[in-house]
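We begin with a single chain expressed as structure tokens, specifically the form predicted on its own.
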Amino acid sequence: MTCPHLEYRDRADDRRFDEARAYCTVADRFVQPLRADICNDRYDLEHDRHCEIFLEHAGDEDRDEENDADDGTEATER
């Protein structure tokens, strides 16, 4: 399973890339190829076990949903 926070973007600001690059929506930055291997769960790597960025933010979505439920508002989508 691929990390839900991984995107591939072919441009940034005014630059356009020849090939799309891995972008972490949680860290809000492009990531190195090794990091993308973790994001894509390649080579026996698992994003939910080996990525410190994912682990750092793993509970954020659950907390957001709980806070929204307490407020009576709908959960926000990231």
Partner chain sequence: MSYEDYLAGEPLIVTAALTGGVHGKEANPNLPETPAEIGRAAAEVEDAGASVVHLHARRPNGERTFATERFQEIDDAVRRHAADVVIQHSTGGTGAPDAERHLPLRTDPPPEMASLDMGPLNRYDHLTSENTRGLVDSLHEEMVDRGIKPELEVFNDGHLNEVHGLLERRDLADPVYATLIFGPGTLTPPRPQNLLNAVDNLPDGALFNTLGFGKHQLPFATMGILFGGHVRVGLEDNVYYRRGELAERNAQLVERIARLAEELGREIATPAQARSILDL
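Owing to the predicted nature of the structure, the values given are computational and were not obtained by experimental measurement. Think of the rigid core as the biggest set of C-alphas that the two forms share within 1.5 Å after superposition. Residue numbers count along the first chain shown, from 1.
Only in words, not in the display: the form predicted in complex with the partner chain, which the text now covers.
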Contact test in the model of the complex: Asp41 vs the partner chain, heavy atoms, 4.5 Å | no
Close approach of Asp14 to the partner chain in the model of the complex, 4.5 Å, heavy atom | no
Non-hydrogen atom contact Glu52 with the partner chain in the model of the complex at 4.5 angstroms | yes
Though only this chain appears here, would Ala22 touch the partner chain in the model of the complex if you measure heavy atom gaps against 4.5 Å?
-> yes
Residues within 4.5 Å of the partner chain in the model of the complex, restricted to 1-38 and counted by heavy atom = Tyr8, Arg15, Phe17, Glu19, Ala20, Arg21, Ala22, Phe30, Val31, Gln32, Pro33, Leu34, Arg35, Ala36, Asp37, Ile38
Compare the position of the CA of Asp13 between this form and the one not shown after a rigid core fit and state whether the shift reaches 2 Å.
-> yes
